[in-house]
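The data below hold one chain only, encoded as structure tokens and taken in the form predicted on its own.
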């Protein structure tokens, strides 16, 4: 890391959405608190932040989202209850949720898009680079996804996002990058220089099949771009528009992710993630696998 490039210490987690794809479950429960096996979606994202060296997590919240902040707060009564009943390991598990990182939150008063949600965190982020994690996407790899992007940013000074190769018939569900391989990269053919991004193009119009996964590390200049971005379809300010401005300034890189992406943002993806993590669970996996094999489909 050069002296001119600041360390990435903060992460923004936009959690203000209404979670309508999961109704009626999300009528009173934040989507981010839905559990995959025994952990809520938001905890997977926070644990990735901690494993990536992030020191300060900023939640961009909305109404009825206090359960998220409560989940990462200390619970002395519960810990004492568990300890008194000889469940010290469980008490420690509860105590250590979110340990080692600072939490802040700010409100997104209106649902005006992902770009607007990120912009709401500008004051808390300040003049620093920062990560953005979408909590309904669980990234699974030997190197935490955010850490890899942090390393790219701190080595190059360019914003960095993860992308994955998606089937052509599904490019209309993703933000797609127009990019070329980055010559001389320490990351080899995984790293691409982004020229442009297109939000949910048709298969015929897509410049590639490299779809954005939901992990970003961005320079603070993105806030100025987002502040000048006019609302688009549905009155929303898209993060993609700010990323396009970074790409125009030749400050945007895309890294092809070589881990497993669990898109738990809809019911089908959520069920698949639950099965995948259930099978890997050290306590449940064996019996769960036997159960699945015994199903008469």
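As the structure is a computational prediction, the values presented were derived from the model and not from experiment. Positions refer to the first chain, counted from 1.
Same protein, other form: the form predicted together with 1-O-phosphono-alpha-D-glucopyranose (G1P), not shown, and the subject of what follows.
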With 1-O-phosphono-alpha-D-glucopyranose (G1P) left out of view, choose which of 121, 206, 137, 191 has a non-hydrogen atom within 4.5 angstroms of it in the predicted complex. 137
Quick one: of 144, 219, 98, 214, which gets a non-hydrogen atom within 4.5 angstroms of 1-O-phosphono-alpha-D-glucopyranose (G1P) in the predicted complex? 214
In the predicted complex, does residue 129 have a heavy atom within 4.5 Å of 1-O-phosphono-alpha-D-glucopyranose (G1P)? no
Even though 1-O-phosphono-alpha-D-glucopyranose (G1P) is not shown here, does residue 79 get within 4.5 Å of it in the predicted complex, heavy atoms only? no
1-O-phosphono-alpha-D-glucopyranose (G1P) contact in the predicted complex: residue 240, any heavy atom under 4.5 Å: yes
Is the gap between residue 200 and 1-O-phosphono-alpha-D-glucopyranose (G1P) in the predicted complex 4.5 Å or less for some heavy atom pair? yes
Exactly one stretch in 149-157, 80-88, 173-181, 222-230 has heavy atoms within 4.5 Å of 1-O-phosphono-alpha-D-glucopyranose (G1P) in the predicted complex; which is it? 173-181
Of 92-122, which residues get within 4.5 Å of 1-O-phosphono-alpha-D-glucopyranose (G1P) in the predicted complex if you count heavy atoms? 114
